[in-house]
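Listed next as structure tokens is one chain, alone, in the form predicted on its own.
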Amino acid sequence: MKKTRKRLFAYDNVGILFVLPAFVYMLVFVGYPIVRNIVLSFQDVTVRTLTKPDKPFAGLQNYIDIFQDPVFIRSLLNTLIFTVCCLVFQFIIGFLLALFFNQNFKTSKVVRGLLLIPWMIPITVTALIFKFIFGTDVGILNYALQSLGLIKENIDWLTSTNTAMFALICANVWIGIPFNMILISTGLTTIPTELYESAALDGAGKVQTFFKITLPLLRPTIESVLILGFIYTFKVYDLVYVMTSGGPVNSTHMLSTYSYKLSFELFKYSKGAAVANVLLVILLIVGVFYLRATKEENE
């Protein structure tokens, strides 16, 4: 018994003991729900069969049904469009801000710190703020546009199929800009200043320096920012649910919100689980690319 304790608390095993609580937590609260959700997607579980000990086996029928469901296809396309649009604007604005605050001026650190506030605010609070901004009757945006004489009547930003997605993208871009800015700023600090000094001595201009030094050396950072941004954006739920709840007419349903609707509003638990698993598989594929990119960067 004493020898077992000595081996367990040996110097080489201490790290395992520290990791063990986190591993058990992840196993219970992450691993088990994922496995349970996968099993659920191959069953036919509704309100009628929820309490039955032997759930009917459905095989791949739930996956066949959702891929024939026009709302699911719309949700998948919405998620892709939402993710790509958010990534493009978040990255471009964040990149420009990172280049700007990389310059040495007195208030750069203070202003950069203030710009992190949108990222630190809970997403639910941000969603409520933007819901008020894009409101039809008491919305700040409609009031501002009418004051400037740009519109005569209020625009139904959140209740129109033409503008609801635009409002969601604006809200998510506002949240994601600080994340892109801070990671790219960190990447810029790793570039040796001697390279810029040598380029200046060789007569290279700012444009040449940017494309020959800054961009190539920032490539690992840019890849990480885009992949992580894709993962965070693709699984969006709370922002959409608070602002539009997937409406109007399913025009802003994402995979996450449609999975919630199937499971907890329509009580089609197995189909909701199948949608969630599609989301999981897509994120796992992107996650593998991220791990591979990180490994190549370390090598």
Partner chain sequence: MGGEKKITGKKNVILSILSVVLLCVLLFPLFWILMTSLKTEQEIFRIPPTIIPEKLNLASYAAQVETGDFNMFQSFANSFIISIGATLISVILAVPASYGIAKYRFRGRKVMLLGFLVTQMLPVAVLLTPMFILFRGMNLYNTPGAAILADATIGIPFSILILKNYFASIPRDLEEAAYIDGCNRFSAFIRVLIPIAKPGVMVCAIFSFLYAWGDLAYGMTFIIDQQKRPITAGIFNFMGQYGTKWSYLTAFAVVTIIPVALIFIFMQKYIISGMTSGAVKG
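None of these values were measured; they are calculated from a predicted model. Take the two forms, find the largest set of C-alpha atoms that superpose within 1.5 Å, and that set is the rigid core. Residue numbers count along the first chain shown, from 1.
One more form of this protein should be noted, the form predicted together with its partner chain, which is absent from this view; the next part is about it.
Novice: Check each of 88, 80, 217, 116 and return the one that places a heavy atom within 4.5 angstroms of its partner chain in the predicted bound form.
Specialist: Only one option qualifies, and that one is 116.
Novice: Since only the chain is shown here, I'm wondering whether residue 67 would be in contact with its partner chain in the predicted bound form (any heavy atom pair within 4.5 Å).
Specialist: No - in the predicted bound form, heavy atoms of residue 67 and its partner chain never come within 4.5 Å of each other.
Novice: Looking in the predicted bound form, any heavy atom of residue 102 within 4.5 Å of its partner chain?
Specialist: Heavy-atom contact with its partner chain at 4.5 Å: present for residue 102.
Novice: Is residue 28 close enough to touch its partner chain in the predicted bound form, meaning at least one heavy atom pair within 4.5 Å?
Specialist: It does: once its partner chain is placed as it appears in the predicted bound form, residue 28 has a heavy atom within 4.5 Å of it.
Novice: In the predicted bound form, does residue 34 come within 4.5 Å of its partner chain, counting heavy atoms only?
Specialist: Answer yes; at least one heavy atom of residue 34 falls within 4.5 Å of its partner chain in the predicted bound form.
Novice: Candidate spot 63, 159 and 169, all three in 4.5 Å heavy atom range of its partner chain in the predicted bound form?
Specialist: Result no, not one residue of the spot touches its partner chain.
Novice: For the heavy atom contacts within 4.5 Å of its partner chain in the predicted bound form, list the residues of 250-264 involved, in sequence order.
Specialist: Result: 256, 259, 260, 263, 264.
Novice: Residue 36: after superposing the rigid core, is there a C-alpha shift of 2 Å or more between the shown form and the other one?
Specialist: No, shifts by less than 2 Å.
Novice: If I superpose the two forms on their rigid core, does the C-alpha of residue 50 end up displaced by 2 Å or more between the shown form and the other one?
Specialist: Yes.
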